[in-house]
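In the form predicted on its own, a lone chain appears below as structure tokens.
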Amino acid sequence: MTDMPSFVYTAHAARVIFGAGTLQRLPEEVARLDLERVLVLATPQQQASAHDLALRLGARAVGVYAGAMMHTPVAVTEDAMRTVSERRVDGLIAVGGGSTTGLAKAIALRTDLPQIVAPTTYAGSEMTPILGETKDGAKVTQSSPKILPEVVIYDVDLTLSLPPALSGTSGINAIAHAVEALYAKERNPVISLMALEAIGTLFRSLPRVVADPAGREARAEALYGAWLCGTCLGAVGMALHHKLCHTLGGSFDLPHAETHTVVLPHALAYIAPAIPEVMQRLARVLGAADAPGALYDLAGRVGAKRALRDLGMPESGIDMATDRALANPYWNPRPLEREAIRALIARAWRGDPPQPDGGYAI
């Protein structure tokens, strides 16, 4: 045991309910938390289903706020806070993707109101005490115990209507959390076990989900993997990949999961020379000697876009993204070198395959 590295493992207290049809337990969970004036949150597109959910909660629901938006703009949160105050809300219900979960977490940070979250995608943010908020084109990330939802209800049925294309990118976004957990500064044996299990599960299940969106077995496996990925994201810090995605998303208003899908193979290729043992473990779980290439190929197999330009980023933004990525950088296993980072972003912009021995070489 002399070679065992020292580590710190912090377990977060969140109640997780996993299965099919588990959303039916929502009224029970609201009552268990002794909540009497809950607000149901949603995006504008999910407003109708949010109202149906509020009706199911009866007198314990005081209404719906359906203004959640991607990247959690501070202006939206401030608007929602007025509803929270006016209706004397004592709890939050978020059923949806990362945008809805993000709004619940932003409100909770300001109020410490309890949250019950039922994710409909594989985003994973529901398992984290982390919030990313956007203001004036910049995304700022912070962490607090107030941000972590009290209850997470995973219902496989809620994911059956997730479109195949979004299923693929949402799942690869989840994989990114687990990949970075393997080489995070705070990595530890428990999280590494979860991360490898999650990566392998999603890598195998996502193509099946896209091929047969109604297949419950593959959907359940993908949701299980997403839960593990979210747990990884909530337990350790992240590195270059997440810094790049927050920079790109906040600067150019790019779609969250799609941006993670494009960037992940390139960020991993950049870091690879500094983490040989991690790369060996990834190669085993992916069944491929070239882990960055396997993740790039996975994006193609699920029909995802693999170029930032196809997501709406202008070529003129490459230099700005490089500068912002290097400002207040996250911890990273490999030092950040401007020209190599610029080459990484440029390749991701074009949609080229990752090349560890190309523009990223040490």
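Sequential numbering from 1, following the sequence displayed. Keep in mind the model is a prediction, meaning the values are calculated, not measured.
The same protein has a further form, the form predicted together with a small molecule, not shown here; the description that follows concerns it.
Under a 4.5 angstroms non-hydrogen atom cutoff, the small molecule in the predicted bound form lacks I172 among its neighbouring residues. Contact annotation: A94 falls outside 4.5 Å of the small molecule in the predicted bound form, judged by heavy atom distances. When the small molecule is considered in the predicted bound form, L158 lines it closely, a heavy atom lying within 4.5 Å.
Contact check for N332: every heavy atom lies farther than 4.5 Å from the small molecule in the predicted bound form. In terms of contact with the small molecule in the predicted bound form, the residue from P145, P189, G287, P163 that brings a heavy atom within 4.5 Å is P163. Of the listed positions (A123, A104, V262, L268), a single one reaches within 4.5 angstroms of the small molecule by any non-hydrogen atom in the predicted bound form, namely A123. The three marked residues, H51, T83 and T111, fail to reach the small molecule in the predicted bound form, with no heavy atom of any inside 4.5 Å.
Considering the small molecule in the predicted bound form, the lone stretch of 268-276, 287-295, 210-218, 128-136 in range is 128-136 [heavy atom distance within 4.5 Å].
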